[in-house]
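Before any questions on how it binds or moves, here is one chain, the form predicted alone, in structure tokens.
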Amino acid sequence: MVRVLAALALPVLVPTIITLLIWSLPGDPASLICPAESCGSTEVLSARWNLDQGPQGFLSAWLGDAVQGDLGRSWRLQQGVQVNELIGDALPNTLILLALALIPLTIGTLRAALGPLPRGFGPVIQVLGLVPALVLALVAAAVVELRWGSASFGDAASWARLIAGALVLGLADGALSGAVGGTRALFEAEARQRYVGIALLRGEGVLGNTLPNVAPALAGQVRGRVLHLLSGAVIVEAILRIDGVGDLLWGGTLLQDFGVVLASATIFALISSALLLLQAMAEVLIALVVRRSPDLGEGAGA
């Protein structure tokens, strides 16, 4: 229930914080769209963008439109353009980037769960994890530019940017090493429990006994890793010039385009909410499976 409530609150809490930030800046919020020295009076502009009713009125109007699928218009990044169009073009790239970045993390997690790792594998991924995403992203961007030159925004180069960005997200800042180490620590700690030793004496496997008990914690770790990738996507997309939601958020922040920032940050909040709901559902399903399994203690006693 806590996760469900948090998932429902996030898409409202994030735009609320950003709205308060807008009104905490010096000057009239409408002056962010068009400075007073260029536009003169901003009263008409404030009314057009729902900025004349204060932060509460603006937030209520924006949330009401967002629920109906209207994320407003860009203030400065591409002034007047529907943010829906910008998000619609950017979101697929971000989702592809995350999906590709999850491949090495998923392989590493499964390998760590299934048994001992190959010799030398752990130190290699730990060394790679020490390199910041910023550094690896700059190297990847330079490689793409040198390889494709003037055609660096063609289809082949765009896919190269996505694959390079995914490798950066999956390896840098301890992403892969954290996934492997965290999974291994969970299973090793559980394998030391007394019931596992008894199960081995019965001829049962370790994984089949430990997995149901570590699965809730493992689901939480997976959610944390995806959020780690999501936050890193902002840097990777900006440096590698991948047209994703993270790049929109970065560009909107630099230009103080809060129309784009509100929508982009809310999309990230919705993804985080979906992950919370998935984790809650996984925990409930695991609890139901464990509860319905045979009571081994009574069977042994009989």
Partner chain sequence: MKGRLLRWPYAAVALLAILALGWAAATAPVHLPAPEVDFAYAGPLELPPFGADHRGRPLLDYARQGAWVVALPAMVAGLLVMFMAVGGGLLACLGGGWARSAVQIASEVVGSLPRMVVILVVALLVPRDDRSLLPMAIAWALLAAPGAMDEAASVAERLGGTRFVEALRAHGFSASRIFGWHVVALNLRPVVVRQGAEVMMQVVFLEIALSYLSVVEDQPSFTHPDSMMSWADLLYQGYRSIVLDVPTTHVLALGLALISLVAVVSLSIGAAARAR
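Numbering follows the first chain given and starts at 1. What you are looking at is a predicted structure, and each value in this text was computed from that prediction instead of being measured.
As for the form predicted together with its partner chain, it is not shown, yet the points below apply to it.
No residue in the set 44, 81 and 85 has a non-hydrogen atom no more than 4.5 Å from its partner chain in the predicted complex. With a 4.5 Å cutoff on heavy atoms, residue 249 counts as touching its partner chain in the predicted complex. Shown alone here, residue 214 lies farther than 4.5 Å from its partner chain in the predicted complex, counting heavy atoms only.
By the criterion of a heavy atom within 4.5 Å, residue 253 is counted among the residues contacting its partner chain in the predicted complex. For residue 193, no non-hydrogen atom is located within 4.5 Å of its partner chain in the predicted complex, even though that partner is not displayed. Residue in contact with its partner chain in the predicted complex (any heavy atom within 4.5 Å), chosen from 172, 125, 141, 105: 141. 239 is the sole member of 59, 239, 33, 51 with a non-hydrogen atom lying within 4.5 angstroms of its partner chain in the predicted complex. In plain terms, the part of the chain that comes close to its partner chain in the predicted complex, with a heavy atom within 4.5 Å, is 225-233 out of 225-233, 176-184, 194-202, 109-117. Although its partner chain is not shown here, in the predicted complex the stretch 256-292 places heavy atoms of 256, 258, 261, 265, 268, 269, 272, 276 within 4.5 Å of it, in sequence order.
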